[in-house]
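Just the one chain here, laid out as structure tokens, in the form predicted on its own.
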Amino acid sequence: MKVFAHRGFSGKYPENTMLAFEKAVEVKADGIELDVHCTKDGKLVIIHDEKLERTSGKPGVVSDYTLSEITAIEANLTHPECHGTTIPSFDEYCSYIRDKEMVTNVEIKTNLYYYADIEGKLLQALKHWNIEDKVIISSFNWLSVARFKKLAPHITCGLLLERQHMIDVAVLAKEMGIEYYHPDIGIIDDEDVACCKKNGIGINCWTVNTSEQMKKLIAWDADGAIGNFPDMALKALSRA
């Protein structure tokens, strides 16, 4: 089972910052999960919310700011003791991760806003940094996943789902040519797991933050655990 650091090592460091990503690498996580939006000038940046307020205290939404403006903003409100942790561009992350044996789960944030051609821009970046074979592309907006898959059939993708349980997601994923199902740990059950295995669909669950949740994933022989504390997950797997 792979351990993905959710928004980096976000349990101890400011989420979706280079510090959180570096700390995930230090503890030997298998991968990093992060979120991408587009700026006012159409550039990819890494941040979870559409609004900046929760992590930076700044007003407005991502698309109100240019790349140079947003990457100068400190994003440490969740961990105020960590100074100098700014919102990173996707290029900054790619430059850092390209020579490391890490899988990056890139979540396209097109849930509330649709950024024009964000899928194409993401594909262009992956090609530029030569990391097409080291990513999983996912989104709660399944149309966005489908569009990315059409642009790049060779790149692995996943369907995200939360809150509401849906039967036979694996059947739909198989029909779409999608390799993974990424459910909230609270909505998946034994039948879902059996359906995924029957249809050859991998399972990466989130947000896995307790040893009890890890035991459940181990029993299911899941493919990945996406959580805020990669050190805990690695320990549960006897790898730390």
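Since the structure is predicted, the reported quantities are computational estimates derived from the model, not experimental observations. Sequential numbering from 1, following the sequence displayed.
Just so you know, the form predicted together with SN-glycerol-3-phosphate (G3P) exists too; it's not on screen, but the next bit is about it.
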| property | result |
| --- | --- |
| Options 99-107, 125-133, 146-154, 75-83; stretch whose heavy atom lies within 4.5 Å of SN-glycerol-3-phosphate (G3P) in the predicted bound form | 99-107 |
| SN-glycerol-3-phosphate (G3P): the contacting residue among D192, D30, D35, E179 in the predicted bound form [heavy atom, 4.5 Å] | D35 |
| is_contact(V169, SN-glycerol-3-phosphate (G3P)) in the predicted bound form, heavy atom dist at most 4.5 Å | no |
| In the predicted bound form, Y114 touching SN-glycerol-3-phosphate (G3P) (heavy atom, 4.5 Å) | no |
| Contact label in the predicted bound form: C94 to SN-glycerol-3-phosphate (G3P), heavy atom within 4.5 Å | no |
| Exercise: K43 in contact with SN-glycerol-3-phosphate (G3P) in the predicted bound form, heavy atom 4.5 Å | no |
| In the predicted bound form, residues of 194-211 near SN-glycerol-3-phosphate (G3P) [heavy atom within 4.5 Å] | W206 |
